[in-house]
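Just one chain follows, in the form predicted on its own, and it is written as structure tokens.
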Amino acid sequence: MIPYIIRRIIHLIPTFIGATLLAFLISQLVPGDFFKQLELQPNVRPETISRMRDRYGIDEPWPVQYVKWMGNLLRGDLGDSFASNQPVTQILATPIKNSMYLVVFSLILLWLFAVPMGVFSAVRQYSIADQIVSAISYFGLAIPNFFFAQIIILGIFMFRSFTREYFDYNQLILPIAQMTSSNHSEMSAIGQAWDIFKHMLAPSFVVATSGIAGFTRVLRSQMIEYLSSDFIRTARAKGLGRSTVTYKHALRPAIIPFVAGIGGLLPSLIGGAGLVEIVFAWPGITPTYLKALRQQDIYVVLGLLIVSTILLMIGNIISDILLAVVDPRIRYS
């Protein structure tokens, strides 16, 4: 296993160089730059713009810029932001952390709901319960997350309006905007954690909806296939209980495709929740990313792409290792 991991890491080096080169080339093909926008502002002196261009080396040929950028990247320096004149790592640290809170919790919800629903639907194939689970899954696959987020917000507002005369504390339940309350800094450590958790509930559920729906449908089909296999019939003939056959012998091979997909989960941790973050005003990576694109703050955009690439490569290695643990047929020499 160790030699295999070392070989994979060596093979990923040219992949990483190719990915960074492609990302840098695409950034150079974008018409204009951050300093072109500054030239349109009358309160910015041309001497200031020229000095900033020299500092960041914007006027140099792109191969020279790429070599310098890669040299800084190998030292752990993602560069500085044009707009705020701050290190990119400092700008991305807080939004990435906020998005990780949201996405990690949504992944937990995905596995907590999808696995039981998929197994439940498979062992009760074509029953009323199976049809209900299928209908919920199709709804989750069909509705866009950003639209479902607005429905959730409307539902929370309606719940508050209908229960206002019965409960005085309902304003504290299911917050629908921001990541923290206005008095967050005055709370204890446990109170702050609970405050963030309450704000995470609605957006995390929305983010997990499509994943739960897709996971449930695929796991159902996988479980149905394995439950009709010869080795399952053999296990039943030996007198094994229904739960043992279902969860130990059928679920383990059925879940292998999802273990293989773990490689794509790590990039999603910083990819944020897309438009859901904007709808719920969650201070994650998506608003930061869109702001950087709007300002043509290239180093911030490249920093996010580089971190995503690194996490994707690490995730693929972890996925291969977990596959060997889950599937006894896989062995790495």
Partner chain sequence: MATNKTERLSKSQRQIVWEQFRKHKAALIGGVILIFMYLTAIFAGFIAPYGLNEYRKFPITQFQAPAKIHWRNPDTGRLTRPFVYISKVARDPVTRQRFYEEDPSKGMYPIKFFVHREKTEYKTLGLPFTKSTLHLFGVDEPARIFLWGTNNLGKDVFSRVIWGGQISLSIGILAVWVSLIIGLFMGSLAGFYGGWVDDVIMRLVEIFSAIPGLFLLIVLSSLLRDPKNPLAQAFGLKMTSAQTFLMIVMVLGLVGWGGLARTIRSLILSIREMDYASAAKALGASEARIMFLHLLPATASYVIVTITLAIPGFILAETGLSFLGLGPSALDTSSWGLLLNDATARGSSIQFVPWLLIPGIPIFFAVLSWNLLGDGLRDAFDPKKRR
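Residue numbers count along the first chain shown, from 1. None of these values were measured; they are calculated from a predicted model.
Absent from the display: the form predicted together with its partner chain. The rest refers to it.
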| query | If we take heavy atoms and a 4.5 Å cut-off, which stretch out of 232-240, 71-79, 144-152, 114-122 is in contact with its partner chain in the model of the complex? | reply | 144-152
| message | Check residue 67 for me: does it contact its partner chain in the model of the complex (non-hydrogen atoms, 4.5 angstroms)? | response | no
| Any of the heavy atoms of residue 139 lying within 4.5 Å of its partner chain in the model of the complex? | yes
| field | Contact of residue 126 with its partner chain in the model of the complex (heavy atom, 4.5 Å) | value | yes
| task | Indicate whether residue 317 is a 4.5 Å heavy atom neighbour of its partner chain in the model of the complex. | result | no
| request: Assess the spot marked by 3, 9 and 254: is its partner chain within 4.5 Å of a heavy atom from every one of these residues in the model of the complex? | output: no
| query | Within 12-26, which residues have a heavy atom closer than or equal to 4.5 Å from its partner chain in the model of the complex? | reply | 12, 14, 15, 18, 19, 22, 23, 26
